[in-house]
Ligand code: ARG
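Take a look at this single chain, the form predicted on its own, given in structure tokens.
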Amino acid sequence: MLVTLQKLFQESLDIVAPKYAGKNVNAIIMVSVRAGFGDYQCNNAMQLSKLHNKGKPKTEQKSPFDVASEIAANVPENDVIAKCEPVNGFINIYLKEDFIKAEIKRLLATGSPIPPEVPYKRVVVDFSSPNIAKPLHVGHLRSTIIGDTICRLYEYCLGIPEGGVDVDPVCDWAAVEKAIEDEGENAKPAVIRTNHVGDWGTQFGMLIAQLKLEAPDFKEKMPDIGDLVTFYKRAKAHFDEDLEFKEEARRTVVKLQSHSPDEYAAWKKICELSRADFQVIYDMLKVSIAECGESFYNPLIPVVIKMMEDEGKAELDNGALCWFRDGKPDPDAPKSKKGQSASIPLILRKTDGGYGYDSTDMAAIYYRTQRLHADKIVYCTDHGQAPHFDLIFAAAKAMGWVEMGPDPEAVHVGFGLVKDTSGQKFKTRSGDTVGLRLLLDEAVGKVHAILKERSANRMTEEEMPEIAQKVGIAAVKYADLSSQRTKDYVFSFDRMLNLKGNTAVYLMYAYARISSIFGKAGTTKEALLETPEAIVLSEVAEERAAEVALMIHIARFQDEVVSTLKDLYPHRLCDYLYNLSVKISDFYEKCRVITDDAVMRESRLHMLLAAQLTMKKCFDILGIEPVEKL
């Protein structure tokens, strides 16, 4: 609806604004936040009045109300707006009831909210990104959950079938590249879910040396090294305490980088074990993601560096090959307190000839834009890495690989820390990072206990485990997604499993209650979808107001998707979903659903179905599986 209203008011402003601002201005339309002030508001009049009145005598000035009245008078005739009401510098916009009913009927006719159009065809989302030989822990929770939701958001808007396409964790990227090239401009829309795992570097010398020490015959019989965390700690302790082992580890790195058969085989074994551990968590979270780690980009690094050198974008600085955003700094220029020049370099090749994160990420953005032909790339990491990616994007722009305008082709989606209830970084009592598997299992266990206590009369013992699994995982996901991602958030089981307020449990109960009402009415979703036109409004003012308020909120779903696409803040969808459940609750309070009036009964059941279909799509984007009973 927001897009439609913006177009209508833009037509008016194209006539009115030049008179007062001397130029065209964009329509500013917002959802009204106060009851009784319309369904939407146009907020341009105040600004235009100020621009017009600046430096003019009072006799020539225009009040915000005058400007607002002129804007309202020039809105073209349409089937959407019932009335435009100028109030001071604002215009309150009231929608036509017939338009609202038509929107709900359209939703029911299609069986799902219609997505907005997006100006992208191939989106790469880089998320999760654990390190090999280390488990997924609570620090990876936000990246994995937020990244998956962003993928689902783009998949919905691009019309990719629900649930996306199955992704092989060990992806054949050469085949992906060839398919893209073969399809050319006829390529189907795609969201490429990328797991940039840490599977290369000096730590592998230590791990491989330890594996060869513990199991010289590992190629024939892989030892049961058990918990990879314990194995990693064992190798690290050995590395720190034994100089001879440390030297052996360094020699092993060199052999690995040269693809020596033994070292490479050991590396593959360690990666396979780690990958299997990751997959257990991804399966629990219902997250699909294709691995494309640091090792994949390693051969591309020299190619990318050569390109930058050929373009004059790389220069030596104290033995390191660098790119400077603002040019190489003057060695005689003032230094900061830390002794650094103001211009921080992107280090393409270190003084010892090695490569670091800068090199790998330049190779990655080259690959994603030039080989995968992505027109949107999203990097989902903690916000502490924002300066690093800002530099990567600037270098990619300098090479002509990305555009960084109002709608940038490469964006960093940063997020804050997960903290405990005391406000400290979330850790175990021993000070270790909390393992994600234990966290998820605990959430599911707590939900199972709650179901046994409160819902035993509504479900069987056989149903409880599956419902507990869905609700427990949903509670963890929603607690994360409903928090503004740039801020730290407190992980609290008590809060996330609360039956009241903005929690997954409350929302899933609201969804299940609608299914329960369908059962009591002796109907099904499928039966209701066969008659999408059965929408009428009550003649009772209070009931009619609740019906209209619910339907308007349902119809606003596309507006919220558009807003979420702009800044990739998933909490916007969570807020929308919670407010929808509040509107449903108010609807129950004001409007009797199962009534003797057959026409009104059918209409209200259809309104609830429209609400549930919208909730379902919102849950889908958030990666949450709703339940039919709770």
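Just count from 1 along the sequence shown to find any residue number. Being a predicted model, the structure only gives us computed values, none of them experimental.
One more form of this protein, predicted together with arginine (ARG), exists but is not displayed; see below.
- Looking at Gly147, you'd find every heavy atom of it more than 4.5 angstroms from arginine (ARG) in the model of the complex.
- Of the heavy atoms in Asn298, none are within 4.5 Å of arginine (ARG) in the model of the complex.
- Contact between Ser288 and arginine (ARG) in the model of the complex is not found at the 4.5 Å heavy atom cutoff.
- Proximity of Thr252 to arginine (ARG) in the model of the complex: non-hydrogen atoms within 4.5 Å are absent; the residue sits far from the partner.
- Within 4.5 Å of arginine (ARG) in the model of the complex, a heavy atom is found for none of Arg142, Ser482 and Ser492.
- Comment: 121 to 129 is the region of 121 to 129, 228 to 236, 319 to 327, 507 to 515 lying near arginine (ARG) in the model of the complex, near meaning a non-hydrogen atom within 4.5 Å.
- The listed set Glu155, Glu103, Asp361, Glu263 contains one residue whose heavy atoms approach arginine (ARG) in the model of the complex to within 4.5 Å, identified as Asp361.
- The single contact residue among Phe557, Tyr379, Phe278, Tyr478, judged by any heavy atom lying within 4.5 Å of arginine (ARG) in the model of the complex, is Tyr379.
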